[in-house]
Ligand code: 5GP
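Single chain ahead, by itself, as structure tokens, in the form predicted on its own.
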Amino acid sequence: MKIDTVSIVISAPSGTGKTTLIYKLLDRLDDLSFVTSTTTRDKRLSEEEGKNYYYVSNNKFQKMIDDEEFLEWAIVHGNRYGTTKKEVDRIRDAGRIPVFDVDVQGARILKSIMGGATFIFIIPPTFEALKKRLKNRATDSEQQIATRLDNAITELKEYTMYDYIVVNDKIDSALSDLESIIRTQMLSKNFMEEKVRLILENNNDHPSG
């Protein structure tokens, strides 16, 4: 199934600050809307149902797979994450641009089925900075941190799949870079085509001369 819609797909190794950047971006750009993923991961205390994720059991997630409700899904750090077709339709029907927060596996699937999408990869300034951020986050055990760091190396090797790469060293600078990329995409032919078409259609009612 091919989906031809203007959208933004953002990925990053765990602990890079992707989620923080996305929420700040949404506050700045009214045309964007966050695609809320569905996950089997336990909800963290700071998270909200329907805002951060839709939280479901493994059995429910499997039923959604069987019913072909997902555009993409993947197993990440032992939990399953997926993007439903219904969630993307909700945003598109509202005339907004979907912003996907997905891992490298999800991005690879979306790249194969989505036209008009812009793929952005957020990376840490150094591997040591990433390790420090994961430890300071204090949400994972030492073993989980080690797993995330191993996965980060694998994910960083996939950078060639993305259209843009943003280094999140200082959050304000990274946010500015991210916003610049997206504002540029919002002026692209794919995004502006509908506006041009409407102007041309309206001109039919006002012939020149």
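These numbers were taken from a predicted model, which means no experiment stands behind them. The numbering used is simple: start at 1 and walk along the sequence shown.
Although it is not shown, the form predicted together with the named molecule is what the next lines describe.
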In the model of the complex, does residue 111 come within 4.5 Å of the named molecule, counting heavy atoms only? no
Find out whether any non-hydrogen atom of residue 81 is located within 4.5 angstroms of the named molecule in the model of the complex, and reply yes or no. yes
Any chance residue 44 has a heavy atom within 4.5 Å of the named molecule in the model of the complex? yes
Given that the partner is absent here, does residue 92 sit within 4.5 Å of the named molecule in the model of the complex, heavy atoms only? no
Quick one: 12, 37 and 148 and the named molecule in the model of the complex, is every residue within 4.5 Å by at least one heavy atom? yes
Would you mind picking the one in 77, 85, 131, 96 that has a heavy atom within 4.5 Å of the named molecule in the model of the complex? 77
Contacts from 88-103 to the named molecule in the model of the complex (any heavy atom within 4.5 Å), listed N to C, are 101, 102, 103
